[in-house]
Structures are given as structure tokens and as C-alpha cells.
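Here's a solo chain for you in C-alpha cells, the form predicted on its own.
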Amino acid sequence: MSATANSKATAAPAAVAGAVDRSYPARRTLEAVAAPLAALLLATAAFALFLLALGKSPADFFDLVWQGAFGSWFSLQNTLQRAAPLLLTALCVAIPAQLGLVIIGGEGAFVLGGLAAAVAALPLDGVWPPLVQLVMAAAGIAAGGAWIALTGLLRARRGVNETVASLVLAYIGIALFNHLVEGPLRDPSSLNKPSTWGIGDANMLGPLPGTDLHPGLLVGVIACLLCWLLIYRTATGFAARVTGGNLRAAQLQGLPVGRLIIAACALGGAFAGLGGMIEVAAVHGRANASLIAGYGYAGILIAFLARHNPLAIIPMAVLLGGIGAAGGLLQRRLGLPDATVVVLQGFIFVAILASETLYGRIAWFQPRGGR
């Protein structure tokens, strides 16, 4: 009887723990959704106080943001147009983040990818346009991938902090871009705004049927879907997440940590470089200072808002794209500078960083059961 009673007493907590454990994934998902939403609400409240200090109405501000971002078909298209490059620069942050890396140099890969694409098209005048576009895409991918892979190489081989290295390389990349565009690669006819020679109207990417949207949006969405499959449905993605969870354990298991780091950085940079190519081929038609628009830096915020989940990057990119699209309307209606939306993005980023410190520390979201 005593042994039976003891076995029942032991089995009961185990059964309870098992029942609680089955609910843990749902609570963990809820925490992953609730954390960025709470951060957004906190940032909105703080920004409302900022507007009140300026003597502006927060209600009017957010109403105009809605109108400028989603209030009409024209506004929605403008929002999606701005979201297209953000999808790809956010992946530049999200993919290396699976290994615990914080890469913030996507801006350098973006502009160098655009420059490489523009240069690649120059000797192909008169060649079949789809082939030229493929060559441009390959050049942009190679340039962006190589630039961020250099950060991975420094981290894997020399232990250099990837955050510092990627930021420094971004500044170097932008300086190199400016030097080449304003110097050796400059079109002499570009007087007021130094630019490379144009890629030619025939080589431009046309809009999607029935819209004014360029194909970059479709490319970005497909890239996010493929990256989600790579991360969560392949052995390579699982190895990357194991490495990000515990580097020492991954090394003990014999995983090729160094190669994973370099490959993840190269892949992330390749997406940023592809974004630069699309911006050249679909919007500007040449490489110039308009490429340095902060898409790489905005991608950092989007990736953190999405908690580095490629699928969550899609709505977050649309949200940030909408905020950026409303800047002109805010300037005209409220007399606020266009940079006000950047201030809002700053509030959001600070709130997201604050929410990261609480993630995993709220008892209700953690595993429960007997001890």
C-alpha cells in the first residue's frame, strides 16, 4: 500500500506538470506577440506627450498618419512602395540574429548593392533587358553579401564584436559609395546631384499589373517566406537556432559554428544588396545619394519589432513604411518637419529595447509544474 501510495503521489505532479507544459508553447507565442505590442503602445503614449509639449494634438497626428499611410489606394500604394526595401533590409538583421548576432550594418550593404547593380548594367547596353536585370541582381547580391560576410568573418575568425564591426563597415561602405559616385563613376552630365550613368529605360523594372507598385514588394514577401522555411523547417535553420541559443553547446555538438556565422551574415547582406538593386532598377534608374535613405537602419527596428521572425517582418515593414509615407502629409497639415516620423521611430526603438529586458521574466509566461 505504501509503495502504491508513493507511486501515485509521484505520478500526480508529473501529470499536472505535463498538462501545464502543453500550454507553454501557446503562452510563449502570446508573450512574443504581446511584448512588441506593449512596446508600441508605450512608444505611442510617450510620443503623444512629446506632441503635447510641442503644442500639437496627438489625435490629429495619428489621424493624419492613418490617412497618409492607409487612407486611400494612393496612400496604401505609397506605403507598400516604402515597405518593399524594408522587407529585405530587415532580413539582413533577422537572419544573423538566429545565431545570436546583432548586425546593424545593412545600410552599407544596401547602397553598395545598388551601386554594384548600376555599374553591372553599364557595359550591357542593348542586351536583352531580363538578362541585364538578372546580372544586376547578381551583382547587388554579391556586393551586399560580401560586405556583411566580412563582418561574419571578423566575428568567426578574430572574435571581433559583430555589432561594432557592422556599424563601422556601414560607414565605410557609405563613404566608398559617395567617393565612387562623386568621382570615378560619376556621369559628367549629373551636375546638381552626382550620379552614375543611367541603366537605361529598357532595363527598369516595370510596375506590377494594375498597380503602381514595383516588383520589389513581391520579391520581399517571397524572401520572407523562404527565410521562414529555412529557419524553421530545415536542419540548417535548426543548427543556426541551436547556435544562437547556446554557442558552447553547439560547439560541443560539433556544429560548424564559424561557417554558420559567415553564411548567415552573407545571406543577410545578400538580401540587403538585392534591396539596393531593386531600388536602382525600379525607382532611381541610377545610383546616387537618394539610395542613402536610411532603409538599412529602419530594417533594424523592423527586425526587432518582429522578434527576428521573417513572417512577422511583413506587417512590421508595412507599419514602418506607412509611418514614413505619412511624413509629407504631417508636414503640410500640422506644420511638423518631415523628420518627426523619425522621432516616432526612435521612441518605438527605445521601447522595443526596454521590452527585451522583460522578455522571459514575467512569471505567467514561464513553464509551470511541480518541482
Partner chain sequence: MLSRRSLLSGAAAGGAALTLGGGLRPAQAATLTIGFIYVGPKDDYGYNQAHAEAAAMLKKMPGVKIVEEEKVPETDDVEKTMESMIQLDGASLLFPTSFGYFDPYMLRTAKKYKKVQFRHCGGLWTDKDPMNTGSYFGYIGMGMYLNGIAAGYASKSKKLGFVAAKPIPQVLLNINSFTLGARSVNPGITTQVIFTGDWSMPVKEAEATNSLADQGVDVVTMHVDGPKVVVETAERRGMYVCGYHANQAALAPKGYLTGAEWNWITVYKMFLADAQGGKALPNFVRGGLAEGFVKMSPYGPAVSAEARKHIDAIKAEMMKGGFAVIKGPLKDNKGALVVPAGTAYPETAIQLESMNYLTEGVLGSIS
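Note that the structure is a prediction, hence the values are computed from the model and not measured. Each form is matched to the other, and the largest set of C-alpha atoms that superpose within 1.5 Å is called the rigid core. Positions refer to the first chain, counted from 1.
Although not depicted, the form predicted in complex with the partner chain is the subject of the following passage.
Checking 227-235, 111-119, 126-134, 284-292 against the partner chain in the predicted bound form, the stretch whose residues place heavy atoms within 4.5 Å of it is 284-292. Exactly one listed residue, out of L252, I222, A202, L191, brings a non-hydrogen atom to within 4.5 Å of the partner chain in the predicted bound form: L191.
Under a 4.5 angstroms non-hydrogen atom cutoff, the partner chain in the predicted bound form lacks T44 among its neighbouring residues.
Among residues of the shown chain, L329 is one whose heavy atoms approach the partner chain to within 4.5 Å in the predicted bound form. At the 4.5 Å threshold, heavy atoms of T196 stay clear of the partner chain in the predicted bound form, well away from it. E182 belongs to the set of residues with a heavy atom inside 4.5 Å of the partner chain in the predicted bound form. Using a 4.5 Å cut-off on any heavy atom, the residues of 207-236 that reach the partner chain in the predicted bound form are, in sequence order, D212, H214.
Core-superposed comparison between the shown form and the other one: the CA of V342 exceeds or equals a 2 Å shift.
Put the two forms on the same core and the Cα of A312 is off by less than 2 Å between the shown form and the other one.
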